[in-house]
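In the structure tokens that follow, a single protein chain appears in two forms: structure 1, then structure 2.
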Structure 1
Amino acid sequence: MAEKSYKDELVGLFGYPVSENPTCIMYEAAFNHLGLHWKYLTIEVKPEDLKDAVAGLKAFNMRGINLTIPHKVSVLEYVDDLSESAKIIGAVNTLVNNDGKLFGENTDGKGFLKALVDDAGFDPLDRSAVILGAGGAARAIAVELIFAGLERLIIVNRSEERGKELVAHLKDRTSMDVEFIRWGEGYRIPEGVDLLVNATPIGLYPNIKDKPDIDYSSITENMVVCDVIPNPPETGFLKEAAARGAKTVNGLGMLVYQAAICFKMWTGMDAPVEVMRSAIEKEFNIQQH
């Protein structure tokens, strides 16, 4: 019989602030379900302490860490190697510690793509997409859609500067001729667009009545419409799209899959996706009541 070990395998999250981040719920449910002696620590790390925190991660021989605001870009200077997507995105949400060498990955766009392809059956190859927003989520999603063979991409953003900066970044790092449109009142989705993605925080709990300012009559039943907002899963945006016959994909799937990909990178095991999904669904229901 193997000798009993009381050692904890450690993973977790560095962010500032972190107190409202419920990611730990998914991992703890998965570790308990599989009987693993692993712990996910939600750690507040101020920007000026990131270097020491990374040294601490190595000193504790942690298996890896998730990064959230404001560390996704600044952590790059401590990373030894990056995945292809992370190189192009220019930000990571996950580090894997391989005996002191840190590998960086960005699983946000990959989680989105998995929900889109596996759950909604949508293949981006030779299709066209509109992304609302030009922040970190939009950037990760755009890169994965381009990798998956998307033919046409339009970035629609409120601030012209940020939108143009993302488009220039994507043109520079991929060979795609991405278009930019400044988000005006009641933006109409152009005809022929197959995929519409809300990659803004509009509609996120507790502002659940807010909806992106678009002309909803321009959504057609042929479109697939996705939201990055995980809480509530059925946003006003997705309800409007469903009412027009479009297939919808919510941000909860993206959240669960991006975590499931990290889980596999850290433990080497397939994640119990449904256990993780029901744990976070339960948590969001508690938040809302």
Structure 2
Amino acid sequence: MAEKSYKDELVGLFGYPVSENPTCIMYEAAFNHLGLHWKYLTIEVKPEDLKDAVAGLKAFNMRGINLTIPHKVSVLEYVDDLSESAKIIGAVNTLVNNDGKLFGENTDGKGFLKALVDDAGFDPLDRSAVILGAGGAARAIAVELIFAGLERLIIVNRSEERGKELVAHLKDRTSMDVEFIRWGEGYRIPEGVDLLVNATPIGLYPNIKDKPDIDYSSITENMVVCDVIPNPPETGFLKEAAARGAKTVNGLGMLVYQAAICFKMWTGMDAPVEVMRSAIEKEFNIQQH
């Protein structure tokens, strides 16, 4: 008979804020489904405390961690090695602790792309896209869309410095001629755009009445409109897009698919994707598949 162990393997999330983040629901459902003695901890880490939090991760021998706003780029200085895609993206959302050596990966863009292709039936090949925002999520999504054959990409951001930095980064590491537009009042989506993505935290709980400042009349029924925000799943941004006939994709699909990749990296086991999806949909009272 195998010796009984009361030890929990620890993983979790570093972010600020994190109280609205429902990621733990998916992982705990997956761990319970597979009978694993693992725990997912949702941990609030202020920017100035990130270095100490990473040291604590190692001290607790945690198996890994997810990173969310505002740590996806700043954590890079504490990482020992990066995947090739994470090097290109310039941001990570996942760390794997290999005996005190931290390996960084970015599953955000991969999760987004899978939700876009599998759930919305949208193929980025030879299409055009506008991404609102220039943070970690925007970086990951932009790289994966480019790799998938996107023909035209526009980055729209209020901070000109940050937006131009991302565009320069993408141009330097890919063959695409990415365009930057400074986000002014009532930004109008150009004609011919196939995909619109909100990669900002605008509309995230508790600020659920907030919406990106764009001209919503420029959204058409020919567009696919996506929001990376998982809470609430149906943001004001998506409701506005749906009212104009656009096909919408909420942040839950991206959340599930990127988490499934992390699950495999940490545990070595295939993630029970439908269990994870069912758990998060139940949490938000969404009709089950």
Ligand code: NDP
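Note that the rigid core is defined as the largest set of C-alphas that superpose within 1.5 Å between two forms. All of these numbers come straight from a predicted model, not from anything done at the bench. Numbering runs along the sequence of structure 1, starting at 1.
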| item | value |
| --- | --- |
| Form predicted on its own, given as structure number | 2 |
| Hinge rotation between structure 1 and structure 2 - smaller rigid part turning relative to the larger, in degrees | 21 |
| Between structure 1 and structure 2, how far the Cα of I65 shifts once the core is aligned, in Å | 3.8 |
| Displacement in Å of the C-alpha of E48 between structure 1 and structure 2, rigid core kept as reference | 8.7 |
| P17 CA shift between structure 1 and structure 2 in angstrom, with the core used for superposition | 6.8 |
